[in-house]
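A single chain comes next, written as structure tokens; it is the form predicted on its own.
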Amino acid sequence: MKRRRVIYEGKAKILYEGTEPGTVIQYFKDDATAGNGAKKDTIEGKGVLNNRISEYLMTQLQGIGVPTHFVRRLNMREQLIKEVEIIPLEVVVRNVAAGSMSKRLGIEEGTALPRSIIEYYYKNDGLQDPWVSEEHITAFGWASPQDLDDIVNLTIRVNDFLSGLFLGAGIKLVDFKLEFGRLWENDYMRIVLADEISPDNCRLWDVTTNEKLDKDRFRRDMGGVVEAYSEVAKRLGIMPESVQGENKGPVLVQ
């Protein structure tokens, strides 16, 4: 079997050389990290769930005209994506105060915000992904004013759509992180949604009980990470109701 060339390895994913020109294979690991890698563990089955959930959400977003890097799922842990030039920004949308916003601004966690807020963080592990403004972004050339306009417009559409999608499944979309890339097609460039959308980079709470169904269960040592991610998959209709563990791991609908 031919050994695949690793392009990049991050905390939760590995990127391999793609099987088609202009593509990359994205592999979802079971590794879990928090605190910029200060806390680490392996959670069996997490990568399988994130692959399937992200596939579903990216496909739904493509259905409403949001351009993404997603091409197709290859197997339980891998998906084929378009090769893009990643913009070094984490774009965070906050609908409800939680996490670092609550700590930073002294707002009680769970407080509904007057309106959705978009924040930017510079992708740099060595600097612990610092919070930056649009002025920093354009001054240092991480993205142009037009790039930012496109990013904001896409982010608003994604938030509106996913908020409704999750609400229909009894889940509150508290906040989430997006990444974007530049996709070059001959001489034409467009901004597309990249990375993943999963409980790893979304805060998802049960709409009635506020039970956490996301990575905070790992960050805060609450346990039940795979069970929470499985619940999200089940509510989205990509995991059958009958799956109840029995130490067999998650079983996903093909």
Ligand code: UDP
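Note that the structure is a prediction, hence the values are computed from the model and not measured. Position 1 is the first residue in the sequence shown; the rest follow in order.
What comes next is about the form predicted in complex with the named molecule, which is not displayed.
Taking heavy atoms only, is residue 60 within 4.5 angstroms of the named molecule in the predicted complex?
Contact with the named molecule, no.
Residue 77 versus the named molecule, in the predicted complex: is there a non-hydrogen atom within 4.5 Å?
Heavy-atom contact with the named molecule at 4.5 Å: absent for residue 77.
Just to confirm, residue 100 within 4.5 Å of the named molecule in the predicted complex by heavy atoms?
Result yes; residue 100 sits at the interface with the named molecule in the predicted complex.
Touches the named molecule in the predicted complex: residue 172 (any heavy atom, 4.5 Å)
Heavy-atom contact with the named molecule at 4.5 Å: absent for residue 172.
If contact means a heavy atom within 4.5 Å, which one of 67 to 75, 88 to 96, 142 to 150, 157 to 165 is the stretch that engages the named molecule in the predicted complex?
Among the listed stretches, the partner-contacting one is 88 to 96.
Contact assignment for the named molecule in the predicted complex, among 203, 52, 46, 217, heavy atom within 4.5 Å:
The residue from 203, 52, 46, 217 that makes the contact is 203.
Taking only heavy atoms into account, state which residues of 156 to 184 are within 4.5 Å of the named molecule in the predicted complex, ordered by sequence.
If the 4.5 Å heavy-atom criterion is applied to the named molecule in the predicted complex, 156 to 184 yields 175, 176, 177.
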